[in-house]
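Given next, in structure tokens, is a single chain: the form predicted alone.
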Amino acid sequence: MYLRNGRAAIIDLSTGDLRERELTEDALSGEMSSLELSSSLSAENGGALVLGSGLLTGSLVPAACAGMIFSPDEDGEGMVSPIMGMAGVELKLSGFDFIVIKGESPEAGYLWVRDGIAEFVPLPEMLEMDSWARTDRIRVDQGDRRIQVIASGPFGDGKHISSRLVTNHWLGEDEVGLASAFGKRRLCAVAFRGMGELEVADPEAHFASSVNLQKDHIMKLGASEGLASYFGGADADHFKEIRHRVIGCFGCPHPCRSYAKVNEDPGKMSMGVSEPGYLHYDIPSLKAAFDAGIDSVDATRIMMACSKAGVDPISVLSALGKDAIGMDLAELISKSSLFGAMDRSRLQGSFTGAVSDSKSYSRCISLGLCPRYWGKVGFDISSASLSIESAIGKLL
């Protein structure tokens, strides 16, 4: 089937058992199919955590980069976090459309997915590591620095209300605190590497129509300034001084990510230290720091510490303000009782609030499209109809 693997991996952490479930083309091909399947797979497996990809994830439709993490909340509704960067596409290319994680492991470790194989790797010493060390350890152990890692940190292990998941060292996607769902399962991280292939119905037409669509969008968007194209605060001189380069997610012609260096010259391409800076795309957290009167250098260092801890920077800044400057992991943990959960959905610039309404956000995520990019160009899926039809062989 086009743009799909047709399989879900279901792993029981309590036993280590893995089984596969075949998924029909009809079930996979609707606009809301990915979210609907995530919800049903979760319910069928006792409230399991589900990682998945969208219908168009990995296609040439502009900014078709998004995957998702789904978990039921206490009211039985679904909490959804996008998976951005290259991670959503790598997840799809790992051989599964969905990864269903149920049960509770008897010891801490990580889930490793690649080449149509999923296995839980026990590694109790991960509980002594921050989120950055977990990502680095997995890449070293598995011998590939391109492995995508979604990790919790000490706050997730402790099931803290302000805990957040970290994707490849960076915070920003998890707006609903799904790190606690990892902690409840003694799951320190999920790692995946995509080496598979995806087929489209008409490759030449899909390429041509997608290129034309990107050209139309670029004419509307103008020059790309990284995060400054989406957040005016990133246009400040003190932010420009530490900006090293602009980075886009898979298939995005107008990046919203700015990489900043604070421990060495941002004008140098080479990296001479092990922790040179931070990839900024979490607009609400950066705005909260600027509103508190914190400059870009100190804000970046706060974000680095929060990322290692796996804690929401807005919760930290709300509780500590400028006192957060210079705090390391141990100090953040010592202050954890002060941090409460923040409603990030109300904050301008988050992925949730990037489009006009919750329905459009859900459609973007389910289709595998970045809501921040599509919110900026104006979310109108009919404009991509030629590209979508040539990819999946039919109209949505």
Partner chain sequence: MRLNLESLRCVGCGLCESVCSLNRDSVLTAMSSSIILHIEDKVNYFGLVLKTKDDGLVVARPEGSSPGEQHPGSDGPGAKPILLREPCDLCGGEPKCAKMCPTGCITVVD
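These numbers come from a predicted model, not from an experiment. Residue numbers count along the first chain shown, from 1.
Unshown form predicted together with its partner chain; subsequent notes refer to it.
Residue contact with its partner chain in the predicted complex: Lys215 places a heavy atom within 4.5 Å of it. Proximity of Asp265 to its partner chain in the predicted complex falls outside the 4.5 Å heavy atom cutoff. Contact annotation: Phe207 falls within 4.5 Å of its partner chain in the predicted complex, judged by heavy atom distances. In the predicted complex, no heavy atom of Ser38 sits within 4.5 Å of its partner chain. Contact with its partner chain in the predicted complex, judged by any heavy atom within 4.5 Å, is made by just one of Glu199, Glu125, Glu104, Glu77: Glu199. For the options Pro154, Gly109, Gly95, Gly251, the residue carrying a heavy atom within 4.5 angstroms of its partner chain in the predicted complex is Gly251. Residues placing heavy atoms within 4.5 Å of its partner chain in the predicted complex fall in a single listed stretch, namely 136-144, out of 136-144, 293-301, 96-104, 317-325. Site residues Ala66, Leu329 and Asp357 are none of them in contact with its partner chain in the predicted complex, judged by any heavy atom within 4.5 Å. Along 319-336, not one residue places a heavy atom within 4.5 Å of its partner chain in the predicted complex.
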